[in-house]
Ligand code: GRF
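A single chain, nothing else alongside it, follows as structure tokens in the form predicted on its own.
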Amino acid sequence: MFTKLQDKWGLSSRTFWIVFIAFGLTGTTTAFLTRYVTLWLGMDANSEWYYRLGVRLFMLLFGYQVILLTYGFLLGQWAFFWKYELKLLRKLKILPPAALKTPIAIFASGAGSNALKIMQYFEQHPTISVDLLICNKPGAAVIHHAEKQGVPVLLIEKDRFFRGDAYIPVLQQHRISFIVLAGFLWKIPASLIAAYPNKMLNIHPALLPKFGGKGMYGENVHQAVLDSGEKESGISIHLVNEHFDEGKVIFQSSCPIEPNETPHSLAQKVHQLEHAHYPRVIETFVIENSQPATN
């Protein structure tokens, strides 16, 4: 039961238990305060039942929600509980339905600076939302970024990803329309590419078709660029196909290489290009290739 609930909420194990504890504390605190309020109002077993019922309903419908948000804030999970409350209020028709947006998923493996920039860029976007982060590395910093942004997280296992259903049912459950790779180090299986034809983007830290392929990531790329004597490097944003870094390039931006350049300094230049351009290119790509949302 707990595993299914954790998958539904899209939380890491640690965060799931924090959220679970918050719900428990909220229930206990609400029960205690309800009893205190009824005593303060002078109510007992002889009071009219509808008065006592009214107090309990008020505490359940309003007091519980305020207490839940308070514990969520104190335990560092405000984003999760705020989204939870908004969804509940929309179900109860207290708030109008949320505007339909095109949901995208981010695949990432490490520190997640690009993933964070993307989540922040689309946080208040009118037509596009980041609805899921997929990560293959437990404890990766990108998981913390996603949870802080209130984006559900799915930790994936290699066997299911490559020899199972590639988590396509989970993506469909979240109604994901586009996939964005942001430092995801596993090769994408053919079944997943087939499920999202021309709907999957990747960013590469060099000017393709040069310096692409298996093993060309991180400082490996920058070292190879410097060893070759190139005068410039940059970024390439491309569609994903069955081969590493061979999909159609839809955007490139370059930066000069200085005589005293190091892999680290070049990486910093390339990161600046990634952060400046990737979210905007994703936005344009999704808008130009979206069908009207039906969720």
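Being a predicted model, the structure only gives us computed values, none of them experimental. So that there is no doubt, residue numbering starts at 1 and follows the sequence shown.
One more form of this protein exists, namely the form predicted together with the ligand; it is left out here, but the text below deals with it.
Contact assignment for the ligand in the predicted complex, among I156, V170, I203, L207, heavy atom within 4.5 Å = Exactly one listed residue reaches within 4.5 Å, namely I203.
Have a look at P103, G110, G212, P152 for me and say which one sits with a heavy atom within 4.5 Å of the ligand in the predicted complex.
-> Contact residue from the list: G110.
Name the stretch: of 71-79, 111-119, 130-138, 88-96, exactly one has residues whose heavy atoms fall within 4.5 Å of the ligand in the predicted complex.
-> That would be stretch 111-119.
In the predicted complex, does H271 have a heavy atom within 4.5 Å of the ligand?
-> Yes, H271 is a contact residue.
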